[in-house]
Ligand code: PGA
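Take a look at this single chain, the form predicted alone, given in structure tokens.
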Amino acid sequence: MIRPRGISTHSIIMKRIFIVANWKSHKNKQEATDWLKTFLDFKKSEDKEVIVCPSFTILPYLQQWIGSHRLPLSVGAQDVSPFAEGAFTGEVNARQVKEFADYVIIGHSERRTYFSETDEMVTKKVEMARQANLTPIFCVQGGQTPVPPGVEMVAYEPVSAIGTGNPDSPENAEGVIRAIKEKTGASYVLYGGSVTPENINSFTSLPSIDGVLVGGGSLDPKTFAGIIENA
């Protein structure tokens, strides 16, 4: 399902880096517009894929704005229903999400903690996403977190590093991510947790780490631009 832009199926010149902005429960339309305007002169990089994941409320608006201004950004959702279309009040199913996004974050530690999402539930979400041709960005909290079959992109996010300002060490993240790849066969594994413009390269320069999932650091466009530039 993942189709990175600018990569030949026959040869890869350099490692591709995925940089995912998770806005969490932040930003209305005006705030999103102000953020996006910072990237009007953003130049497409052949070795970096930038994915922006807003709340459901502004997902259609973000997709339209990015498309009309030809920004080299991809769009993702922050969650998806474990159910198909039907009588599930308040849920947003994968077919609906696919109208506006190509990626979806599944199993984030905040969803597991605050909304009691289980391994069974997130596996159902992955199944729904894949049926709709959405690429799951599947979050794990360590090497022992189960990863559903067929997941191509995983994000390792140690709970101790989420929103704390205390990132994992690049060396430990590299070891965990290498083990995740060997265990699951995932093509891409990202690191998430207290990523900054100052520490980004210490993660993405390591051979097994294919990018980052950025939370708080993605809310300020200048900070996020620095993360992209230094990755």
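Keep in mind that what you see is a predicted model, and the values were worked out from it rather than measured. Heads up: residue numbers just count along the shown sequence, starting at 1.
Keep in mind that the form predicted in complex with this ligand is missing from the display, and what follows is about it.
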Assert contact residue (this ligand, in the predicted complex, non-hydrogen atom within 4.5 Å, options E110, E152, E127, E117) equals E110
Between the options V176, I200, I162, A32, which residue brings a heavy atom to within 4.5 Å of this ligand in the predicted complex?
I162
Please identify, from 32-40, 51-59, 177-185, 190-198, the stretch that has a heavy atom within 4.5 Å of this ligand in the predicted complex.
190-198
This ligand contact in the predicted complex: P221, any heavy atom under 4.5 Å
no
Is there a heavy atom of K24 no more than 4.5 Å from a heavy atom of this ligand in the predicted complex?
yes
